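Heads up, the chain below is alone and in the form predicted on its own; it's given as structure tokens.
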Amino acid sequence: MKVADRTFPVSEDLWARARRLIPAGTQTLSKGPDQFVRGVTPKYLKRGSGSHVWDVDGNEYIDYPMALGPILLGYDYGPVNEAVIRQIKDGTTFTLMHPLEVEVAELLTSVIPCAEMVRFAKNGADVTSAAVKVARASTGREHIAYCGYHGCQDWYAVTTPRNKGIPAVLKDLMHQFEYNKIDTLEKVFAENPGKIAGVIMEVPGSDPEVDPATGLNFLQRVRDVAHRNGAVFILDEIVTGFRYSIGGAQKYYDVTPDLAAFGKGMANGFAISAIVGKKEFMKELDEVFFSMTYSGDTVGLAATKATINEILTKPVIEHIWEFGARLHSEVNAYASRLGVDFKIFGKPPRGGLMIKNARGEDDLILKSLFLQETVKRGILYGGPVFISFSHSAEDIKKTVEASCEAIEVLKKASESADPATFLEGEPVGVVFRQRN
């Protein structure tokens, strides 16, 4: 595959200006320049169409982070954009409520197993935080058991290295357990009897293991342990919602949580999120303080209605599973043949990159090298690997070709005395390391 000679003068000028005006230079840490190989990757994208994006200097890429997950159908997706434009002409927010609040709530309750009632917000962190408040309100307890990543609000962010400015005392209320290790959750309850209000977890890339004794998968066992101890079970479906199935991971894995948080793909890139759940818990929101000026914004609601209608009437779910499986299997098979410890892991609609060195350790230098060699070939990878309904067979073919050529470079670098010498820019960094 031809390696393009790309330059980024407009990107660099914008970045210089941003550094003077914007703390950290970016609005979203995972989109910052240190998450990509600087020097060979653009810093700013200007437009998108389908599965392709163009940077501010006019260079074109096939995109896989897909805006960190919200772009489920594709950029500039006609039916969603048209619904939004129609709604904008009528108005985006009003003095009183809008009918779309009811219509979209009814739509969500028709497709999500646990959804008996619905409230809307704008970000994933809004609704995971609301779910934690509801769990505390309904149980009269304060402690939370958690697994995975749940956003930037204080209750969770205090557990991360980016906890500056958050009262340290909040950390005493948080207790981590590990995915597919039910004993770690049981230990949390044993060490905190009568204190755990809720258990919140997301589903990472790997499947929940099935207990041979009971036939229950890990999610079902978490639910049962939570209920046995009087706690609320919360499933964070910000990423998995509308990707694993129309009803999310809860439908795919046959587990009904008490509460669930949805966002990202539900509106194909427009800002909206939702907390849904069983009526007995959602009724707490009659009194729990959860109210925002833009939670009834009609643009996000119109986009959600149009997006879900596309999923219901077109083979969206089937497409992202099929094309994701093709990408994973072909690239991973090539890496295996070359003896390179590289893998696109996770489920076909939502994956990630895992690249290990000779010691079996995750290696940021080698990951950076893979990102460098693919972006030079017009493939924009990042942390997550998402497939959209707009990714075509030709897109996957080109991506496989570029990925395999990048893996060949990885092999040469791994066999060299110093893999870092293969880098043409600075290696990627991490927002923070998360242990599951």
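Source: prediction; values computed, not measured. From 1 onward, residues are counted along the sequence shown.
In what follows, reference is made to the form predicted in complex with a small molecule, a form of this protein that is not presented.
Proximity of Val276 to the small molecule in the predicted bound form falls outside the 4.5 Å heavy atom cutoff. For Gly248, no non-hydrogen atom is located within 4.5 Å of the small molecule in the predicted bound form, even though that partner is not displayed. Although the partner is absent here, Asn123 lies within 4.5 Å of the small molecule in the predicted bound form, judged by heavy atoms.
Using a 4.5 angstroms threshold between heavy atoms, Glu202 counts as touching the small molecule in the predicted bound form. You can rule out all but one of 351-359, 232-240, 211-219, 327-335: in the predicted bound form, only 232-240 has residues with a heavy atom within 4.5 Å of the small molecule.
Checking His150, Lys347, His175, Arg119 for any heavy atom within 4.5 Å of the small molecule in the predicted bound form turns up a single hit: His150.
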